[in-house]
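In structure tokens, the next block holds one chain alone, the form predicted on its own.
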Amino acid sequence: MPAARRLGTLRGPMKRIVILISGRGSNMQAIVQRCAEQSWPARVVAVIANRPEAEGLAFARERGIATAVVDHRAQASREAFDAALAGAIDGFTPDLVVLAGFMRILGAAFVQRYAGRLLNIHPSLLPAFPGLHTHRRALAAGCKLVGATVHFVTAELDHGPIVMQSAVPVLPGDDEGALAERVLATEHVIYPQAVRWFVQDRLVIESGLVRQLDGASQVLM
């Protein structure tokens, strides 16, 4: 990315957000709710799922948000799926695309198409534990602190400029489920905050690092 790049300024003051989900989309729900409660200069214009049975679609429909399904199982290849998904997304002319529990690996061409306006959240303190089973791996490694990371998506899986992180202590007796639940609660705080900064034009990337222009903390402890 350029040495200094202001983000979120593609269109006028009211930004358009498309959210991608695979399941219940709890982070999607948190973003939709905060957007309405805090009167962001933005609107979630669509929720798109890669599974027709994704539970989060009902939440979106109940709130009058457009929905679409691009079933990966109906596509002949990963490239075909990426192309179909991009077509569905572009139909809503978004300023920002948000991955919220979207469980498909996206190809380099797709990622480049939305460079600088594609956000993801991962349940670890990246760059530690990219991929799946993050909490299980953190417990096995004896980590004393875990968390979640909001980042801009790049072609490398679960990597990219970090917008915000949460830190969660590992408690005695924690198992994978208990740890996942506490981390998820912080995801519902940091992901809406990161999206809000984007739509308010409060983020800039400098030399590959994301800076919040108001000097607000990018860590939730």
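Residue numbers here begin at 1 and follow the sequence given. Please read all numbers here as calculations on a predicted model, not as lab measurements.
Not pictured, yet referred to below: the form predicted together with ligand GAR.
Heavy atoms within 4.5 Å of ligand GAR in the model of the complex belong, among the stretches 168-176, 60-68, 38-46, 25-33, to residues of 25-33. When ligand GAR is considered in the model of the complex, residue 189 lies well away from it, no heavy atom lying within 4.5 Å. Contact check for residue 94: every heavy atom lies farther than 4.5 Å from ligand GAR in the model of the complex. Contact annotation: residue 114 falls outside 4.5 Å of ligand GAR in the model of the complex, judged by heavy atom distances. At least one heavy atom of residue 100 is located within 4.5 Å of ligand GAR in the model of the complex. Interface residue among 74, 80, 132, 140, judged by heavy atoms within 4.5 Å of ligand GAR in the model of the complex: 132. Taking ligand GAR as positioned in the model of the complex, the residues of 121-157 that bring a heavy atom within 4.5 Å of it are, in sequence order, 121, 122, 123, 132.
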